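Consider the single chain below, provided in structure tokens and representing the form predicted alone.
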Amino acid sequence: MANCLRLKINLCIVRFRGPQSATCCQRSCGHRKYAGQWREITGPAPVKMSKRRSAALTGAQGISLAQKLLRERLCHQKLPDQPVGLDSQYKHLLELLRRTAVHGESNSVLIVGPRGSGKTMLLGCVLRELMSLKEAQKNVLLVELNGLLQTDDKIALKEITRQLHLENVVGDKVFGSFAENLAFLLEALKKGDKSSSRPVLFVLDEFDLFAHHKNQTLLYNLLDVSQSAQTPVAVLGLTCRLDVLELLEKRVKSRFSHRQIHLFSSLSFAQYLDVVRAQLSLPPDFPDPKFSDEWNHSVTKLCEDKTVEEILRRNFNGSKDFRSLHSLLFLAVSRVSVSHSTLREADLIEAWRLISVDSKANVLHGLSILELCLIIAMKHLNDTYDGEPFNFQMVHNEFKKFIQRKSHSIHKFEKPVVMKAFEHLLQLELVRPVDSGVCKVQREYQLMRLMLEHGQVMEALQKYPQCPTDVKQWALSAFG
């Protein structure tokens, strides 16, 4: 009734105010007239424009949508459908967690692998599959702890209480020990009868850092619960340390199941190229099929290009983890625009240049001539004393010898000015003190080490504008 009344009022307003007001009414009310009938719409009225302008907008929208989709994929905002090259590990972990979630069997397992090998991604894919099971959806509880955040057992226990939503249950109760507190929390999760408890999955990221807690109380109690028949619990540790079991106390180690899932990349370069192609390709359900076909064809051509293949091979030889690959591809995708709507060889070359740039070499480009001279003097001292540490006084003496030989080309600096330049190098971390603790030695005699390599200094000298020839020759004699 109300809708009919509103429609009649709108029609009256249109008839009374004429066609111009009708447009305003249509825009404000969200209705539009088609063949004498009114129907509701969700967006603003389309504006008439030339076919050329419409095509340009469609192209821009296609690029924007493709970039958004690829950024989500490359920034790890979206889990892959299936972990690449980790089929056996995926099945093993899924079966372990399924037994805890469905059958109430307690387990403990460590996922070990270098940073960027896909430990978190593997666990995310397994948990997604697990939570799709009907038995696990309303039953399983997940507690995630991180060794970088939960730095002691008291903080970890508060976080466990918060994630299990048991703050009101605990209230102001005082517990005699950590074990009593944890037992009370797990008891509170009982459904009603003692035989059925809700399974809890404890995920401990940076597992090795929990081993540094006092007496390893958290690890001991969690693994102790997983060994007993009190509550169905699965303890999953993620770490990049191969020797993590050596860090555990004997009583903790005896309660651990010693199950380990190792993630080491065994990808060949051909498989690596297939991953690149898959990461850059648009899915079949992309809204614009024509744009999707053009884009995927350009990605296939790009992967066959010799220069691009060489760049990808360098990246593969440097690191096989997907994080470095995703960083490279992300920069390349960001360069796509309306002027060139597909990926080109130049995009990947520029992305490689940006990602492989040496940060210390960039810092050297902004140094003064005096600071460059001090670095060359340090290199001379390293060669003379076979890499032994040096102090400011030694560097200043070496620099004075050079000034005396080349007084006509280099300005003479007072010692306080040279000291200021030396301190600036220290702030830039191009020079590092040997003893990082509190040292009572005078600044001039504090031992230092140079944190630069031969190639970095020579590159900075080559690119330095109007660098004196004498300084370059002195550097060549030092680095030759």
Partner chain sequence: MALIKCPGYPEDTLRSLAERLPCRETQLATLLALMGQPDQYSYPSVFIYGHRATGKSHVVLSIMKDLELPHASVDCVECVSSGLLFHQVLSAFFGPDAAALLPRCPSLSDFVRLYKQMSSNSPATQTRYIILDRAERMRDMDFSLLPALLRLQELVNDNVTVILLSEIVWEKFRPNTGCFEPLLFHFPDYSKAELVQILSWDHHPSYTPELYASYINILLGVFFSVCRDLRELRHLAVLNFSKFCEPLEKGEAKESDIHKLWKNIEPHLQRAMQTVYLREVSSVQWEQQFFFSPLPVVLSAHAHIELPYYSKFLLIAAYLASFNPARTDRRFFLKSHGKIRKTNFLKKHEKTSNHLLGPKPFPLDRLMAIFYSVVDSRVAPTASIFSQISSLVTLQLLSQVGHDDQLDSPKYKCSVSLDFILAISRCVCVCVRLYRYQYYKFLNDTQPYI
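Numbering follows the first chain given and starts at 1. Owing to the predicted nature of the structure, the values given are computational and were not obtained by experimental measurement. By rigid core we mean the largest C-alpha set that fits within 1.5 Å across both forms.
This protein has a second form, the form predicted in complex with the partner chain, left out of what is shown; the following refers to that one.
- The partner is not drawn, yet in the predicted bound form one stretch among 392 to 400, 275 to 283, 341 to 349, 291 to 299 has residues with heavy atoms inside 4.5 Å of the partner chain: 392 to 400.
- Contact with the partner chain in the predicted bound form, judged by any heavy atom within 4.5 Å, is made by just one of A211, L130, L367, V84: L367.
- In the predicted bound form, H76 approaches the partner chain with a heavy atom inside 4.5 Å.
- Contact check for C240: a non-hydrogen atom falls within 4.5 Å of the partner chain in the predicted bound form.
- Proximity of L331 to the partner chain in the predicted bound form: non-hydrogen atoms within 4.5 Å are present.
- Interface membership of K406, defined by any non-hydrogen atom within 4.5 Å of the partner chain in the predicted bound form, is ruled out.
- Although the partner chain is not shown here, in the predicted bound form the stretch 415 to 435 places heavy atoms of P416, V417, K420, H424, Q427, L428, E429 within 4.5 Å of it, in sequence order.
- Core-superposed comparison between this form and the one not shown: the CA of L447 exceeds or equals a 2 Å shift.
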